[in-house]
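One chain comes next, on its own, written as structure tokens: the form predicted alone.
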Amino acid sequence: MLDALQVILILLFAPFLQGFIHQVKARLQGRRGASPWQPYREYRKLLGKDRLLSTSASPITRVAPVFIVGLLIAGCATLPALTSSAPLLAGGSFFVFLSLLAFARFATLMLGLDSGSAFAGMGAGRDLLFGVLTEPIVLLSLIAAGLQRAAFSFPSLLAVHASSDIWGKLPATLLVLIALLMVLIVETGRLPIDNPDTHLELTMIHEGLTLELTGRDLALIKWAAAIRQTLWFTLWLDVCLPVGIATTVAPGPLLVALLLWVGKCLLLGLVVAVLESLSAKMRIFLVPRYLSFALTLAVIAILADAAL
């Protein structure tokens, strides 16, 4: 029951978090900006439109959006947001969660390639390259965090934190924090890596995969992108700032955990919006260097765990 409640919470909150980031960016740029509730209006509008498919589209295009959302819903049940004691899917394993995200990425790539669009093919190639580079960083960062607390699943990681000091190994913790934040920017398609607010060829990566989608399919993919972003935010908070996670299923601690989770997500969204407003689009050939630096931080974090 608690798993279902958490999944519903993430699904409903994800569009608001997306709208909040857009509004903060607009305010920082001197514009009024749309309401944080705007994504909900856009999804409702898209759901009422007809589906138009490319002439080269196969049944993959018809089933992929629903399949992607389903994988991300399973990811919501794997990653703790409110409590570490919930009977989460597959025990909240690091590897199960990353596998679900990897399958969702693969389905998105297939969806883009199935349209036959040159822009989608370009975006798929870039997204696949970045995925190959980011996955080892995430895995090593989670291993480093697990070595700090001798736990390799999210519930056990949070349970250990509840009875110990997360800053006991400050250097390794800071390295993991920075490495995962750098990966979060890449995986959520944010500046300086990608620009989610444009469809220009030179800046398009994730958006290039969805150019041929309309109606319900586009609404599902946009919703999936918002869910994926919320999952990455929650992952970063679980590993780097697991303050306020409930250790029981009592209503009081769960309510406090809910308020703290929403507040931390909005605070991290504010940080991401500020970083985007201060950043210029990075040349795509410099992204591997950027990710190499994050990988170096993750490796040093593991070595710091062994040395301390």
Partner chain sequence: MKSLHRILSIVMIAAALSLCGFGVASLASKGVDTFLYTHTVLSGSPLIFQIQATPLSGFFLIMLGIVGTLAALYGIGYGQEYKSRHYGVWLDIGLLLFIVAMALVFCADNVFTFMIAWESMSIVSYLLVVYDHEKPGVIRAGLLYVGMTQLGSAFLLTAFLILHHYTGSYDFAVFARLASSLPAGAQSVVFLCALIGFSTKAGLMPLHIWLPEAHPIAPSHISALMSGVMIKTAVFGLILVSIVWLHGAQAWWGAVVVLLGALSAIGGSFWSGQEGSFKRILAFSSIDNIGLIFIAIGVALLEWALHQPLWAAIALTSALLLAFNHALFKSTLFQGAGAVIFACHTGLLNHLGGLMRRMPVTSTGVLIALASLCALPPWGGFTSEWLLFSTLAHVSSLHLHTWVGLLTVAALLGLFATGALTLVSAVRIFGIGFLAEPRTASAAAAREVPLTMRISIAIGAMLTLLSGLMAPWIVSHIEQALPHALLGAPGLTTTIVTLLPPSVLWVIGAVILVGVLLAWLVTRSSKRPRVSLTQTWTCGGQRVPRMSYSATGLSQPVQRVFAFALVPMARQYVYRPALRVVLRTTTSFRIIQSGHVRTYLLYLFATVLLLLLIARLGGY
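Positions refer to the first chain, counted from 1. Source: prediction; values computed, not measured.
The same protein has a further form, the form predicted together with the partner chain, not shown here; the description that follows concerns it.
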For a quick test of understanding: in the predicted complex, does each of 52, 56 and 119 have a heavy atom within 4.5 Å of the partner chain?
yes
The unique member of 242, 33, 70, 253 whose heavy atoms fall within 4.5 Å of the partner chain in the predicted complex:
70
Of 180, 82, 226, 124, the only residue with a heavy atom within 4.5 Å of the partner chain in the predicted complex is 124
Using heavy atoms and a 4.5 Å limit, would one call residue 303 a contact residue for the partner chain in the predicted complex?
yes
Does any part of residue 216 reach within 4.5 Å of the partner chain in the predicted complex? Heavy atoms only, please.
yes
In the predicted complex, residue 152 touching the partner chain (heavy atom, 4.5 Å)
yes
Indicate whether the partner chain has at least one heavy atom within 4.5 Å of a heavy atom of residue 175 in the predicted complex.
no
Contact check, 103-121 vs the partner chain in the predicted complex, heavy atom within 4.5 Å, ordered by sequence, gives 103, 105, 106, 109, 110, 113, 114, 115, 116, 117, 118, 119, 121
